[in-house]
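Next up: a single chain in structure tokens, the form predicted alone.
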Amino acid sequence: MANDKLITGKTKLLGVIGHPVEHSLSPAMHNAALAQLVVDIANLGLDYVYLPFPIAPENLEVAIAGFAAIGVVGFNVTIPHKQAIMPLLSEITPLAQTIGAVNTVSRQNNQWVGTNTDIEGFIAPLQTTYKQDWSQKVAVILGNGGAARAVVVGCHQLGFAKIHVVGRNVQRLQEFRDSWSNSPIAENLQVHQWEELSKLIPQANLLVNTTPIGMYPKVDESPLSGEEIANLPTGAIAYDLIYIPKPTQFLEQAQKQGAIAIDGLEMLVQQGVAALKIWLQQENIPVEVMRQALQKHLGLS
């Protein structure tokens, strides 16, 4: 597998940049996929390795220039660089422009092109395993940060009738809503203060947590109280972008109410699949191998 890989002068570089980045699960997932692809399509000369690159914010510009100099094929972008990298790229896809964040960069015609595969990652399970007609459905999104922006665009792509975003800071909520004013998304989007949740949850067909509440090490926390989540309709989907712990308190509470639970691990896998398709120009990415590599890495299998 990936750790037996022979690195040579022909090995091409992929990676992830962030600060910090040592906890990233992406190298385990991507290197497992790359090793499997060599087996699947033996004669393609597929020779890549995926590395984590810790890059402090003040070094971002020089690092990206260095990547161009050494011929890096592409890289993922994580906190805190998703917005900061945008002025350093030659081209940004309309999708990434709409979200206002880039998480995947590829080298095309000697230029850096940025896109965002978080949306694809988010909507993948809602388009496959839990596929339904969303056009009469209501989405309620907890949080109004960068992750919430990708979820809003994803819900719009799926065709949700109403998208409600709930936050605690009135000014940030207002800015969030105003940022979509020139977009068709504005028609279906409403923002609410946290106090209004009790009347929104009974309407929710999809309830998404984009906040970090409940993430390791604070595993006993949830963005919602037991009373609040008790009003979630049976059969609704509760989706948490967090993947450690598995399940989160939020998803555990929701499942007790008869909701379907989706965690952030699947989103991580699917955004990674979308990135590999861009970098390798390959359609058949070994999704299950990536999923298993993550579960093994997290001690879940």
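Computed from a predicted model, the values in this text were never measured in an experiment. Residue indices: 1-based, along the sequence shown.
The following text describes the form predicted together with a small molecule, which does not appear among the structures shown.
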With the cut-off set at 4.5 Å between non-hydrogen atoms, does residue 108 touch the small molecule in the model of the complex? no
Just to confirm, residue 194 within 4.5 Å of the small molecule in the model of the complex by heavy atoms? yes
Check residue 185 for me: does it contact the small molecule in the model of the complex (non-hydrogen atoms, 4.5 angstroms)? no
Using heavy atoms and a 4.5 Å limit, would one call residue 231 a contact residue for the small molecule in the model of the complex? no
Do heavy atoms from each of 145, 169 and 210 fall within 4.5 Å of the small molecule in the model of the complex? yes
Which of 275, 242, 34, 238 has a heavy atom within 4.5 Å of the small molecule in the model of the complex? 242
Scan 92, 215, 123, 138 and let me know which has any heavy atom within 4.5 Å of the small molecule in the model of the complex. 215
Given a 4.5 Å cut-off on heavy atoms, tell me which of 198-206, 129-137, 145-153, 93-101 is the interface stretch with the small molecule in the model of the complex. 145-153
